[in-house]
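Before any questions on how it binds or moves, here is one chain, the form predicted on its own, in structure tokens.
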């Protein structure tokens, strides 16, 4: 499948400025975004569970250029959402899709092997990732080390693509039941409050969650750094850090595709995706809407209807 994907990209490359995919990073465990300008660049392309980045994050800054992008299912939903909001032009983007088996959580891998900076070799086959580090070999089933988002993935194949290679895969689940959210919300209020106070106390306000998000596009005018108006201070207190995360999640309500980049990018492993999951469920329950499935659709909070189907305000 990888060779077929490379051949497809090479055929399309002369008509494009470049194609964004994944290549190997500083060691065999870390893939990194790869910008392919020439056919020899395409030979560096990799595909598999180490392709953790959502490359759609680059697209808004490239509006007006003719580029290609390789996508997983969740990445393609972000592309569709960017199209909905006219943040990119459809004629400027060529989408290469392939079936995804899930991506790894490097946090989970670190819990198994320790320091991931001393990797000697990595091999993935038959649902098992084998990592050799410091002379020791560690075999880990992908289902045990995959990102949490992959456990409730309904779109392993690109929902939008110009070129799709490989055999399409069945979804992990037919319907997202938000069991992770229900489990958390089953706890008493005091426990939930204390949980977030502890997590926010660890936040270093690096804004990696914001910068990695493909739909968080107002970075030059972010409320976290704006001084006119002055919404938030730069104090290192729990209150301001918690406030930023709430605002971030609110701005993504009805737009978040649950790609998990915010949580993956967090250097201190704060489960910030849980905020977005809460809003995603509210949007689903209220508007019966899933973000990033139809590039022609309008997100519910960017539209107005005098009477929403699921809000019976006239009956109150």
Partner chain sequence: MPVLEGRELRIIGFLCNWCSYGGADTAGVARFDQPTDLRIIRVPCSGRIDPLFVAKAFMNGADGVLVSGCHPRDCHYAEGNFYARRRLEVFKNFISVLGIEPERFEYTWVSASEGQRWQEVVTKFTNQVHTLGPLAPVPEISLDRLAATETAQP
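Quantities reported herein were computed from a predicted structural model and do not represent experimental measurements. Residue numbers count along the first chain shown, from 1.
Heads up, the form predicted together with the partner chain isn't pictured, but that's what we're talking about next.
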If the cut-off is 4.5 angstroms on heavy atoms, which of these, 148, 144, 92, 201, is the one near the partner chain in the predicted bound form? 201
Please run the contact check for residue 238 against the partner chain in the predicted bound form: heavy atoms, 4.5 angstroms, yes or no? yes
Please determine whether residue 283 contacts the partner chain in the predicted bound form, using a 4.5 Å cut-off between heavy atoms. yes
So, in the predicted bound form, is residue 287 in contact with the partner chain at a 4.5 angstroms heavy atom limit? yes
Does residue 66 make contact with the partner chain in the predicted bound form, using a 4.5 Å heavy atom cut-off? no
Check for me whether the partner chain, as it appears in the predicted bound form, comes within 4.5 angstroms of all of 13, 126 and 163 - heavy atoms only. no
Want to guess which of 71-79, 149-157, 176-184, 136-144 is within 4.5 Å of the partner chain in the predicted bound form, heavy atoms only? 176-184
Could you run down 250-287 and flag each residue that has a heavy atom within 4.5 Å of the partner chain in the predicted bound form? 250, 251, 274, 275, 278, 279, 282, 283, 286, 287
